[in-house]
Structures are given as structure tokens and as C-alpha cells.
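Next up is one chain by itself, shown in C-alpha cells, the form predicted on its own.
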Amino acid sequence: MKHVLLAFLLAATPSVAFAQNAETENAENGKRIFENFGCAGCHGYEGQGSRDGARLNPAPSIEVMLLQLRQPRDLMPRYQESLISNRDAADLHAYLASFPPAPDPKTIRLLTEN
């Protein structure tokens, strides 16, 4: 079912291919969108996730992110293209991809102490 919905969504949004062009993505605009729509309230300031929002670090693929924006699961509100365009979704994806990766648990002293 999820794959059928993804195929439908991608067919209905022809600019997804454009959205994947890293040269045209604007992480600064993505940061503005992340802040203005209050994404950090559920997903954390660095995409670490919380009880109310999924982990976004590492960033999901643009297809998965777009599917979640348009056909959300759980508590997340729906963001139609009139609210967040595919262009803005690509910028949001670029911002998520710019988050530093989580540290390797083996490098966290508190976790490795006996």
C-alpha cells in the first residue's frame, strides 16, 4: 500500500526530479521553513527526534520526506503543496541533510564506562 501511495504521489508531483538536484537546493531557505513551521518542536533542533516526532538525522530520502509531508502518519499535520511547495521541500531536505551526524556511541565516554 505504501509503495502504491508513493508511486501515486511521485506521479502527481513532477517536480520531484527537480527537487533532487543538489545544486539548486537552498539549505538556508530550508532552515527558515524548518523554523517557521515549528518542525523542531517535534523533531528536535538537529533532527534528533522526540516522543512526538520522528528522527530526521540522518535525513530521509526526498521521496520519503515528500510522502510524509503530503500524506503524514501519526500526529504530523499535512502540508499540501500550497503550504510547502516541492521546491521548498527540496530546500527543507537540503537543510536536514546539513545536520551533523550523530556521534558513534563508542565515542561517548559515559556510554563506554563500566
Partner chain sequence: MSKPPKIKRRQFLAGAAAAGPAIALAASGTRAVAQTSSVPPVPPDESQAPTTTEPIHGKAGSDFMVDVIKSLDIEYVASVAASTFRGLHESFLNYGQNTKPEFITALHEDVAVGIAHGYAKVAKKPMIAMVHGTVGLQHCAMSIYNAYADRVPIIILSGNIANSVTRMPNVEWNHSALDQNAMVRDFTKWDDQPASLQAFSDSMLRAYTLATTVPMAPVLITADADLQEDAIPDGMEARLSIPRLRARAQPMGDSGAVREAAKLLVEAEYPVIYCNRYGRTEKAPALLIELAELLNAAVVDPHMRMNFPNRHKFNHSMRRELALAAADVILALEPIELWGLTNTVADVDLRPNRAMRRNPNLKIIHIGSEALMMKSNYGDVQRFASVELSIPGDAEATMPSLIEAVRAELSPVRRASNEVRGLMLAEQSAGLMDAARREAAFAWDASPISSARLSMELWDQIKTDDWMMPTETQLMSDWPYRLWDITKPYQTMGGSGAQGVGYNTPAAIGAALANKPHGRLTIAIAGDGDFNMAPASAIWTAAHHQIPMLIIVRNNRAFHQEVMYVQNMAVRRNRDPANCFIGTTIREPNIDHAQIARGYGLYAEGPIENPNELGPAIRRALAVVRRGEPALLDVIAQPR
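Positions refer to the first chain, counted from 1. Quantities reported herein were computed from a predicted structural model and do not represent experimental measurements.
In what follows, reference is made to the form predicted together with its partner chain, a form of this protein that is not presented.
- In the predicted complex, its partner chain lies within 4.5 Å of some heavy atom of residue 44.
- Contact annotation: residue 83 falls within 4.5 Å of its partner chain in the predicted complex, judged by heavy atom distances.
- Contact check for residue 57: a non-hydrogen atom falls within 4.5 Å of its partner chain in the predicted complex.
- Contact annotation: residue 28 falls outside 4.5 Å of its partner chain in the predicted complex, judged by heavy atom distances.
- Annotation for 85 to 99: no interface residues with its partner chain in the predicted complex [heavy atom within 4.5 Å].
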